[in-house]
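One chain comes next, on its own, written as structure tokens: the form predicted alone.
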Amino acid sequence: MSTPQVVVHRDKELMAKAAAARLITKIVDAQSARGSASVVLTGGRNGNGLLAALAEAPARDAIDWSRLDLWWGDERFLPDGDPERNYTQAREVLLDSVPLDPDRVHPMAPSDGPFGHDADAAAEAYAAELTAVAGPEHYQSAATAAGGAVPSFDVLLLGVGPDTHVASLFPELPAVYEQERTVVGVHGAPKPPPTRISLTLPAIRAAREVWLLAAGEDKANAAAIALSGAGEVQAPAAGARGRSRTLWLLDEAAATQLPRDLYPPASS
């Protein structure tokens, strides 16, 4: 696993625009090298802020949207079209305005979908969908055959919660301990809604690059804890790392509790 790198921007708006530019470059490079690219999206204010900045970026047209696979790191298990679903929000800020191939957009099932209110069955189906597209060249996670393989995502985006949660992996809840399955149903989440679906840490660590987004003073303590060597059970963000790169993208407010030597002056 890679050592985390930290980049600090002046404010959340600049962070979103810079992250969007960085993501465009990464997608274009991956498509040039391998013919297609795969990105795992995240929700929340920072994830949606990045997507909104991407929608407004003139360089977005450099992406061949028809050769981009989109996945989600987690989802609120709510009815289709619910405004709180990550998929709904992503469609509103970006996806409906770009020429994606519908077959390459992979939302997690809603609570009124084919699995009804069974979040665990929906999670198993998403894991099977990931395994189905994971070729022999893709990273095999630490998961057993029951968990399957996942694609080697080019970039996996994660928002960081004030409690250090990433995706829907909350400190000390069962999902953060999972080492066999790649996708799990989450029950009793400490923030609404209580039922969710989430990639596990083994699936997250299959990505080539993991980018963690945090902006605002309420994220400062979480960033400091996760980057201080905390354990992943107590601080799930500490266990979110990419195989070749782990990038923390922060604004100055979220970096206030970090040692100044952790990031270069030029990054702000």
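So that there is no doubt, residue numbering starts at 1 and follows the sequence shown. These numbers come from a predicted model, not from an experiment.
Separately, the form predicted together with a small molecule exists; it is not shown, and the next lines address it.
Heavy atoms within 4.5 Å of the small molecule in the model of the complex belong, among the stretches 179-187, 92-100, 165-173, 118-126, to residues of 165-173. Residue-level contacts in the model of the complex: of G161, P107, G148, P151, one residue has a heavy atom within 4.5 Å of the small molecule, and it is G161. In the model of the complex, S38 stays away from the small molecule, with no heavy atom inside 4.5 Å. Contact between R243 and the small molecule in the model of the complex is not found at the 4.5 Å heavy atom cutoff. Looking at P202, you'd find every heavy atom of it more than 4.5 angstroms from the small molecule in the model of the complex. Among heavy atoms of G49, none comes within 4.5 Å of the small molecule in the model of the complex.
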